[in-house]
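A single chain, nothing else alongside it, follows as structure tokens in the form predicted alone.
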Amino acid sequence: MILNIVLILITPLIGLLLMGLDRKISARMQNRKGPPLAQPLYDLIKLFSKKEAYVNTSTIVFALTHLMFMVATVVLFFLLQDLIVIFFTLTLSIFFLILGGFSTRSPYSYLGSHRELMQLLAIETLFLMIIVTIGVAEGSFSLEHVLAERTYPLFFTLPLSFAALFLVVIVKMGKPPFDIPSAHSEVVQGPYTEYSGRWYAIFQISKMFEVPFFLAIFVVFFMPFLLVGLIVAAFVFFLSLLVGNTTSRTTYKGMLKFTYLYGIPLVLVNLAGLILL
């Protein structure tokens, strides 16, 4: 329990480091020096120091609720709770982000929120199916049960679900070709367009919890070999940056097509194998 609490407390620090590495490595891939690793922290300090401004009070409520459910998702995960509950808590977090975008009259915010909603329908469906395969393979959705007395990695049982999870992570990290909701050249900042100062910083803090959460799921696939899981998670993080810096943005229709033609069939094949074998 003490270890779990420590993991919860250091998650935003890990997320801050990952965001710094993201910008640093991406800059190197583009033949630039890039900002210092602590730049995300400097950005947060600057955002909180800006004069408070907001469109309406509902945007503030939705931003805070979004962060609250994202933190709750991480807490439930590291306390080894039910995976289905964790999934719906995460989905609620994204849902309030979408509501925050729809609560303004900005056409860019509205369009970005619409794209976020389409992404929710595609990626969250895939993520839920991955969780279902874990439940079928282990006979329980309890993360504590999944990790209890493991003698071999879950990866050996669910290799195709593991591959599909990589698609989920790329989308969740907002990397090309799936950075559709917040495409700068098209919709400015998508659902975040009307947020500024400390209220925009709320979403950055949320991202500090979200990125480590998804990478931690890769570690779960390789337990009880923690070191192997951490190496795989680091490789997945680097690979997502590589994909993000070498591909161009697709459309939301392309994202839906890619998800339903490749991601979901992978999980269905893995699920069919579990049931039939």
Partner chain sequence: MSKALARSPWFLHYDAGGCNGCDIELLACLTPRYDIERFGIVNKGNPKLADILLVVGPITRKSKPVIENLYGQMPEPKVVVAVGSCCVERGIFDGCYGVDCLLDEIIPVDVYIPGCAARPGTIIEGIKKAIDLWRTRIEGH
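Residue numbers count along the first chain shown, from 1. In this text, all values refer to a predicted model and were calculated from it rather than measured experimentally.
Absent from the display: the form predicted together with its partner chain. The rest refers to it.
Any chance residue 235 has a heavy atom within 4.5 Å of its partner chain in the predicted bound form?
-> No, residue 235 is distant from the partner.
Do residue 251 and its partner chain come within 4.5 Å of each other in the predicted bound form, heavy atoms counted?
-> Residue 251: no, not in contact with its partner chain in the predicted bound form.
Quick one: is residue 58 in contact with its partner chain in the predicted bound form, heavy atoms, 4.5 Å cut-off?
-> Because no heavy atom of residue 58 falls inside 4.5 Å of its partner chain in the predicted bound form, the answer is no.
Would residue 245 show up as a contact with its partner chain in the predicted bound form if we use heavy atoms at 4.5 Å?
-> So residue 245 does not count as contacting its partner chain.
Residue stretch of 58-66, 38-46, 207-215, 226-234 approaching its partner chain in the predicted bound form, non-hydrogen atom distance within 4.5 Å = Selected range: 38-46.
Looking at 125, 157, 91, 189, which has any heavy atom no more than 4.5 Å from its partner chain in the predicted bound form?
-> None of the others qualify; the residue that does is 189.
Scan 5-36 and note down the residues that get a heavy atom within 4.5 Å of its partner chain in the predicted bound form; none is a fine answer too.
-> The stretch touches the partner through 23, 30, 31, 32, 33, 34, 35, 36.
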